[in-house]
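The chain that follows stands alone, in the form predicted on its own, written as structure tokens.
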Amino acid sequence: MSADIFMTYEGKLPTSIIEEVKQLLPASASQKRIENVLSAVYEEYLDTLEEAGDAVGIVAAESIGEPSTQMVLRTFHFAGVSEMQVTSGLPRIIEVFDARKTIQTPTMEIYLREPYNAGKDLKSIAQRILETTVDDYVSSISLDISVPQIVLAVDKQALAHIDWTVDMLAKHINKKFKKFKVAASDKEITIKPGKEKNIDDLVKTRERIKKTFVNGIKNVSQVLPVKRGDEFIIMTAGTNLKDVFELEYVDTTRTISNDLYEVESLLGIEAARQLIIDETVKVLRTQGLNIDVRHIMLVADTMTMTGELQGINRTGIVREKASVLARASFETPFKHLVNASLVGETDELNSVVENVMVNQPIPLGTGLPRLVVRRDV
């Protein structure tokens, strides 16, 4: 019988709300009580809906824009790690809403599977994720111009952290520099050019050897294990979700990056939409600001409605507007007007901006309804 009551509200209430009511209601609830609860929820739901003709875009812009003027213009540093920081405040909001492809501080939050999220091998896992180069495993790199050769003094203790030997490091370098003769001893690796090279070439080669990738996840320059709630996660400076997802001890269902385009390419546009919401809410809460999440959701929907990420700027959603006057009102008006006149583009004056420009009532609020008179001739 209770199932029939819930079925009467299908189509009236979102499925997520119906499911939440089912979970929260006690099993002993009577039919009358279920009916009363659903009726009250439905009335509350109707009160949350916007009326036709409400200027939701303008309200959302004001709701986000006004508190944003109070944001702190600085970055957020992780506790205890002064070098590791995340862009926060207004600069991060601008990054998100502009959908910038290059962000100041790309980061990942890496969640771990059991039992690793309880702290098992946490330091070792973090070390394996950190990108390391040859320079991290040598105490010095010298240039012997009399031979000539490059001599690497290997730090065997550092190599032990990744279970490598001097010979293994020498073979790895040899794969990257096949035209050189690489030899290993107990604590040194010597690299000789295969043919005569001048000093400038050797100096450049030495710098390339220093930066040669050895271990870890590329682009991850720093790692920081952090306890969040009852589990440990790993924060990173730098992001590479694709490679991190291939690690067996990583929980791929929760691990996330703050790079919108990386998330879009790997997880899809819906994940990018959710990231826009999450990142914006995170920044606002960090700043002590409270904004109705529906305004942020509207912005996220607008940025992702075409199936691709688009920033709120002249190269993003403004460029996609159907109205030539609306496009011209934002930036580069001369260019838009000339291009529209060349192809004979027509403006239907359906939105707010273009009607304001031509001094007509806008199709919102009291300007939305029209009076129609039927005359008998």
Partner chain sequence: MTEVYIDHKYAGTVKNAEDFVEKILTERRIGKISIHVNVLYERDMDAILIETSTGRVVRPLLVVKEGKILLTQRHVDQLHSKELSWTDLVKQGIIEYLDSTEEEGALVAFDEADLTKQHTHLEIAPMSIVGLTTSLVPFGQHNHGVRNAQGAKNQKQAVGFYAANFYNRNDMDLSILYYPQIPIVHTIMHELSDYNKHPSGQNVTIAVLSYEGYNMEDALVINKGSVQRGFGRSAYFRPVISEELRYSGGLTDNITVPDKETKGYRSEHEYRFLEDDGIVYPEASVAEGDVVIGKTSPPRFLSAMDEYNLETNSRRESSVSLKHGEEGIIDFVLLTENEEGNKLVQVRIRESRIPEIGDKFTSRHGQKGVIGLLVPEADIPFTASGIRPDIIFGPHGLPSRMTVSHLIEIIGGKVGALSGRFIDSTLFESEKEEDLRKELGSHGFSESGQETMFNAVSGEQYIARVMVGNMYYMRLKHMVANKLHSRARGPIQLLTRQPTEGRAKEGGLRLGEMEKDTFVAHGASLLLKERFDSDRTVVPVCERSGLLGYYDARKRKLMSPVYGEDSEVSYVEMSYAFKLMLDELKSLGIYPRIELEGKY
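Treat the numbers as computed from the prediction; the structure is a model and nothing was measured. Numbering follows the first chain given and starts at 1.
Below, we turn to the form predicted together with the partner chain, even though it does not appear here.
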| item | value |
| --- | --- |
| Candidate spot G268, L275 and K282, all three touching the partner chain in the predicted bound form (heavy atom, 4.5 Å) | no |
| Interface membership of V338, the partner chain in the predicted bound form, 4.5 Å heavy atom rule | yes |
| Residue contact check: L325 to the partner chain in the predicted bound form, 4.5 Å heavy atom | yes |
| Close approach of Q23 to the partner chain in the predicted bound form, 4.5 Å, heavy atom | no |
| Partner contact for E62 in the predicted bound form: the partner chain, 4.5 angstroms, heavy atom | yes |
| Those residues of 348-376 which, in the predicted bound form, come within 4.5 Å of the partner chain by heavy atom | V352, V356, M357, V358, N359, Q360, P361, I362, L364, G365, T366, G367, R370 |
